[in-house]
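This document starts with one chain, in the form predicted on its own, laid out as structure tokens.
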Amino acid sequence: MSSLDIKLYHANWSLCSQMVRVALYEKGLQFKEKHIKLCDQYPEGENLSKSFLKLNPLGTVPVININGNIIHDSAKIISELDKLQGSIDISLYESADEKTESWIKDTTITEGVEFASTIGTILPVFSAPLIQFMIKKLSVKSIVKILLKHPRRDRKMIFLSMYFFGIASNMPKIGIKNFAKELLSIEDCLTAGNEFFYESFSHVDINMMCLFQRLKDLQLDECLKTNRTPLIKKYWEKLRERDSYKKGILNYYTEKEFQIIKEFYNNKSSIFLKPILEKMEIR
């Protein structure tokens, strides 16, 4: 353990950053960290700096440096972390098989996966109006910086369209049907006798923990507590009992995140909650 030198480059509210932080705390791995102020939230736009783009030419977080080995993509990072010996004896792939790999892929933002087709690719769609709210707070100077420096054309165009045309307002509508289907599918896969997705805590549970927390941020967590999802309700309760939930997720919320949620939702549920519940046949 003493020979490990780990440095994480992450953002407090980044879904994939949360996943990696939870994995680090689950393994009991010591790490240094550098908070990156993302261009869609901060005028500094540190993910577009020359120094960060050397670490990850795509300009996305998280990025991790393990003894000089630079890795990005949360699934790959967590896979590498699981090979390391931390202070906690746990394997995040105890039940690893093709089905497990499929669930890991479905519960994260995986490149090449059809837009809004899995729970991992639907959540960013539901987050879009909130991201747009933050982007619209930026100055034109910050938007020009994104236009000139962001290495990913897809994200560049999305951010610009949000800023000038407000395209994100109705984006969640395209994911409602698939989300209801995905949630009920998760319910069907859970087992009453298990605390977690499988018999022991795994990479799948890390992803689910972070996705469910994002639903809470988006004022959509009521869909986890319905009469159609009794196993998900218990499962979410167990996930929140993990030390890694507090250390890797809750401890990284700042006044900025709380204030944005308060301003955007004004203590009201998401307007997309009712349509989701209707698709789940909950009246």
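In this text, residue numbers run from 1 along the sequence as written. Just so you know, these numbers come straight off a predicted model, no measurement behind them.
This next part talks about the form predicted together with a small molecule, which is not shown.
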Worksheet entry | in the model of the complex, residue 187 touching the small molecule (heavy atom, 4.5 Å) | no
Discussion item. With a cut-off of 4.5 Å between heavy atoms, is residue 55 one of the residues that contacts the small molecule in the model of the complex?
Written reply: no
Worksheet item: Do residue 229 and the small molecule come within 4.5 Å of each other in the model of the complex, heavy atoms counted?
Response: no
Fill in: Close approach of residue 16 to the small molecule in the model of the complex, 4.5 Å, heavy atom
yes
Practice prompt. Name the stretch, out of 137 to 145, 101 to 109, 174 to 182, 114 to 122, where some heavy atom lies within 4.5 Å of the small molecule in the model of the complex.
Written response: 101 to 109
Worksheet, complete the sentence: The listed residue (159, 126, 196, 212) that reaches within 4.5 Å of the small molecule in the model of the complex by any heavy atom is 159
Discussion item. Just to confirm, with a 4.5 Å cut-off on non-hydrogen atoms, which of 239, 218, 38, 29 contacts the small molecule in the model of the complex?
Written reply: 38
